[in-house]
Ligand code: DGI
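Next up: a single chain in structure tokens, the form predicted on its own.
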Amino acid sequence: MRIGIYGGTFNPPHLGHVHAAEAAGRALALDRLLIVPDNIPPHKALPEGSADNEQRLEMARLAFGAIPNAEVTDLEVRRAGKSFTVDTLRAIHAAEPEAELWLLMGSDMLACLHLWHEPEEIVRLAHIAAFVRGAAGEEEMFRRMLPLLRSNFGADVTQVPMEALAASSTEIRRRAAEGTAAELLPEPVWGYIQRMGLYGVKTDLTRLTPCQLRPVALSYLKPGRVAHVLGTEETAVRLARRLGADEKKARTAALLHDCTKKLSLPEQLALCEKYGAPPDALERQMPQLLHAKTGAHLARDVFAVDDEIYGAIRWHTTGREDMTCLEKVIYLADCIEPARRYPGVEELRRAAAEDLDKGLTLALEMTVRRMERLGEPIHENTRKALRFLKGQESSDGI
């Protein structure tokens, strides 16, 4: 197994870092890529106003999460003191003694590798791969350093070509404060910086257009859920346009409908307590339902969404009796967005294209049948929504 180790401050992680990681994965045929934000960098102090350790970890997860086989580790963050690379390599080697380790670094780091803590042990534990970006003086540095590293430490350095960086992290932090860094950052990272107010960024989250909201909304998600949320947005707009509903509200509700989805049960319950919205008996039994409730409250608290958008987020999992048009749009968009793959989804898409209520009725019926098949309880709000749509006054047969 080939494991790449890519360390740094990631303050913040930017598109240059992501492109470097992707280039290394291809060039070295890596089976795994470990992203290692450091605790205290030995070679430089974190500048004043930097993100803290947990924030840098979270930004790294957002930045690299879409790269296959990449994983962010807190190995150095949880280790006290300076983050010496040799200690990290020893720990990884101890955990994976048969793996072939590749230490990834920029050419600027390669230029001073001989001055690092225990460089001879570093090159014994790992192969070295250096990124080649075509920077001024880079070719001369390689010509000078490669023989030195080989003769002094026995190091063979593999060069990994990649596109030149658009800006340094220092420049990106400066531009972030000016509001001009978006094009240099992964979209969820820029959203996270805005909502956390990092690097002097001051964004009024209550006055965002849907386009401005999108990166912020994506920053709440696990990378694997991004495609779903963007697909829900696309589908919600299409449905709203067909029905003459408010497209801006449809976009906003779709972007925020899963904003608390990734939270743990204790975190969900803490939000319930914060917002004075205790979970009902079934929500306690099935905590996956809670994100609709907590997400709606967070959307109202943080983004000042109106009652219509609040309701669309609140009822997108169970539905409810006498749903508004926007609530129906978001419920259905969540069910039929392009990334959805489950038995019956094509039939559901056809029904929704024919008639909104027909599609919603079928979606609710499919939910009831699935829950019954699994032997799981059905929320009373789902039953009420279905009865209302069918014009029934009793629960017979539902």
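Predicted model, so just to flag it, every value in this text is computed and none were measured. Throughout, we count residues from 1 along the sequence that is shown.
Absent from the display: the form predicted in complex with this ligand. The rest refers to it.
- Among heavy atoms of R61, none comes within 4.5 Å of this ligand in the predicted bound form.
- The closest non-hydrogen atom of T367 lies within 4.5 Å of this ligand in the predicted bound form.
- In the predicted bound form, this ligand stays beyond 4.5 Å of every heavy atom belonging to R124.
- Contact check for A304: every heavy atom lies farther than 4.5 Å from this ligand in the predicted bound form.
- Heavy atoms within 4.5 Å of this ligand in the predicted bound form map, among the stretches 126 to 134, 289 to 297, 213 to 221, 151 to 159, onto 289 to 297 alone.
- The contact with this ligand in the predicted bound form, taken as any heavy atom within 4.5 Å, belongs to T317 out of T317, T235, Q194, T85.
- Of the residues given (A339, A29, A353, M371), M371 alone sits with a heavy atom within 4.5 Å of this ligand in the predicted bound form.
- Judged against this ligand in the predicted bound form with a 4.5 angstroms heavy atom cut-off, the residues A277, E327 and K384 are out of contact without exception.
- Contacts of stretch 320 to 339 with this ligand in the predicted bound form, defined by any heavy atom lying within 4.5 Å, are made by D334 alone.
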